[in-house]
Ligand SMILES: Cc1ncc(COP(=O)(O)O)c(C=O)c1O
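Shown next as structure tokens: one chain only, the form predicted on its own.
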């Protein structure tokens, strides 16, 4: 089944009760049992719910996995992965990653005795020197948030398998429309389904997809035992959003290219971070592992002036200044004071998250209107 068909039909079948094409919203806490422990596959909605299960099947189909899990947020999904570990274990993570992930790792799990190494992964070989007998997980974002670095998934998968280390990829920016990490050797794919999978800025959710049953069973246990599951209404909304993922992503990519090209030629712009440029480091890797280059980009203005940067984002009209990304509408963010504020300033600036950096989630509006909005804000 081709991807464009899979977003509509993958893992799905009409509801057995009345043949409903869309899974009904099973807004129920519990299910009737004919005898203690005897039921029709569902006992309690934290453990299993038909609407959530339909969504989880769709997640698995999109990423070419065997098992999907839906959580109350992207961070809840990441939390479940790290809970596989124990005190004394070590994690190697991308140094340019979502601030909430960094906060979860350093403020929640480090005090429990798990050690994290945040390193540059533009050259996958850098990982080797950090691996030791305590290394149990490699955590990667690609493209990264917010600098759109590209990391070679296949190369890291080889290293992870060589050392028997679990390998997880946050695929939020790319979506399974653009890349499928399990096909490239990853063990776990994670999504903030709040973003492109939902696609309409009306739901918060996280997703995990795996192929291995033993790993899936561990994650299902954590999902049920910790309880950070998605509700049936949210599950329905994301399932509905997925059905237009392919057409939305095509327009996100087209508009992203147009906006990146415009900004790169603007006299006030210092640098544009977008993996579609031939000059982007690891552009060739992006071409090899991605179908297109997405609708996310970041840029810095000349002079690295904080006040001037704030004025620019405040003047935007079509680009809404706000957290999040991946919706049909265009959003702008200032990572240093918004999404990455939880990372200490010194650490942020080491990797390039400076005061003049602006991140754009380019939506599916008309590209001429988006460019006109940027033009008036910059000039």
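Residue numbers count along the first chain shown, from 1. Here the structure is a predicted model, which is why all the values come from computation and not from measurement.
The form predicted together with the ligand exists for this protein as well; it is not shown, and the discussion that follows is about that form.
The stretch among 278-286, 152-160, 304-312, 96-104 whose residues place heavy atoms within 4.5 Å of the ligand in the model of the complex is 96-104.
For a residue to qualify, one of its non-hydrogen atoms must sit within 4.5 Å of the ligand in the model of the complex; none of 273, 298 and 335 qualifies. Out of the listed residues 235, 223, 179, 172, 172 is the one that sits within 4.5 Å of the ligand in the model of the complex by at least one heavy atom.
When you look in the model of the complex, the only residue of 148, 242, 78, 259 with a non-hydrogen atom within 4.5 Å of the ligand is 78. Contact annotation: residue 230 falls outside 4.5 Å of the ligand in the model of the complex, judged by heavy atom distances.
In the model of the complex, the ligand lies farther than 4.5 Å from every heavy atom of residue 219. Contact check for residue 127: every heavy atom lies farther than 4.5 Å from the ligand in the model of the complex. Contact annotation for residue 195: at least one heavy atom lies within 4.5 Å of the ligand in the model of the complex.
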